[in-house]
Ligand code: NIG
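So this first bit is one chain, no partners, the form predicted alone, shown in structure tokens.
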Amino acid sequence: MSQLLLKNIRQLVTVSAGGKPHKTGPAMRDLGVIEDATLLIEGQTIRWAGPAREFSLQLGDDAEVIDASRFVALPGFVDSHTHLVFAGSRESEFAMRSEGKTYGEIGRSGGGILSTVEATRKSSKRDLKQLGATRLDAMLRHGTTTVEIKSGYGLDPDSEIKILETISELSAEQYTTVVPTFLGAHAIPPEFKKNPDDYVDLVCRRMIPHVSRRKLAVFCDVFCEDGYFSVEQSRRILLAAGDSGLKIKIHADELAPSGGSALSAELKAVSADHLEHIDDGSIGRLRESGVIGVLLPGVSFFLNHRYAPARSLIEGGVPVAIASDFNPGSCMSFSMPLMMTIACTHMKMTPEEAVTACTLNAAAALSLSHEYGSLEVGKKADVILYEIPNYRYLPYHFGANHVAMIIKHGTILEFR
């Protein structure tokens, strides 16, 4: 079995959770930082992690040894909420917002989600796959080694399956770990504008069973919001998804207090995402149900919208994650370090909380924290080395890519 030894690591940020699937409250600030550390990787997994002075294991003759004294090592970032497979772009809407148009006004005038739906429906699977592969490569170069990708820009059976097949092929061919999510309930398609319940029936009775039968998704998501899908419509879709063996996520309380957070607690969803308008009662329900709260600071920054109440969520005992929500309309960025910076400057999270939210808790939002999100013995060896003086420098020096080495499943992919 191949061995890779990283020795004399300036800082090893383990984000160790002691076997727990996520961190909450004050524990989010405990990153398990080890100065002058050693990390031994055997095959795809971590064999040993700790202070260099304590390392005494025997290496094989063909072991690769790297002096990491200039680097800070962190777990690969886990981006638990993206809409990465899409065609077209919406820079014209960006310009409209700069002139005072709101997200809702742009959508009602023919822009928004439906404009991307039109472009994506017209694109071939080959073209979507090429776009997706390029984006995944760029995300990997910025330290993201695990990515959730949603469908949702098809909104008809053939187009949604085309997107999910694209995601499946990307998962098989790219180094990045890819988690597929079915988001057929992203918006009401124009052909069902006058009878949205008929579209809900189509999602429940035809699309979900097909997706489940072909194992094209792990999760089912729904945009529970006024003008999109009501609480009752969302409940129908998610119950159908659960009955078909799909795990549950919800776009909740993004534009207004929609009831999505309470629904996520009721259905024991894996995560409730956005939460910009969550109320105190729903925070308590999330804590009691164990739902991961996924916050998307890039969206609030890009749209100049209200930010999710990160401090109330953390102090209320909700396990908080951060994701990019990379998409063409509300966050055209996949940089997790930038999301950390925004979380620190606009949501009052500490750098330590932001690191936990982008790694261990983000992996928990994908039910993957038993394998990813921390640098602990037995977990997959997804390690990023940064040429920075300490981990706090990462969100501090924003707008630059500090990645020096990418290690995915124990294999060095890039080293400069």
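In this text, all values refer to a predicted model and were calculated from it rather than measured experimentally. Quick note: we count residues from 1 along the sequence shown, nothing fancier.
Not on display, but discussed next: the form predicted in complex with this ligand.
Undergrad: Considering this ligand in the model of the complex, find the one stretch among 321-329, 237-245, 262-270, 119-127 with heavy atoms no farther than 4.5 Å from it.
TA: Selected range: 321-329.
Undergrad: Looking at this ligand in the model of the complex, is some heavy atom of each of F77, R135 and H142 within 4.5 Å of it?
TA: No, none of the three is in contact.
Undergrad: Since exactly one of F334, F71, F229, Y153 fits, which has a heavy atom within 4.5 Å of this ligand in the model of the complex?
TA: The residue in contact is Y153.
Undergrad: R285: heavy atom within 4.5 Å of this ligand in the model of the complex?
TA: Flag for R285 set to no.
Undergrad: Heavy atom to heavy atom, is H81 within 4.5 Å of this ligand in the model of the complex?
TA: Within the cut-off, so yes.
Undergrad: Taking this ligand as it sits in the model of the complex, is K162 near enough to touch it, meaning that at least one heavy atom pair lies within 4.5 angstroms?
TA: No, K162 is distant from the partner.
Undergrad: According to a 4.5 angstroms non-hydrogen atom cut-off, is E254 in contact with this ligand in the model of the complex?
TA: It does: once this ligand is placed as it appears in the model of the complex, E254 has a heavy atom within 4.5 Å of it.
Undergrad: Going through 227-247, which residues have a heavy atom within 4.5 Å of this ligand in the model of the complex? Please give them in sequence order.
TA: Heavy-atom contacts to this ligand in the model of the complex: nothing from 227-247.
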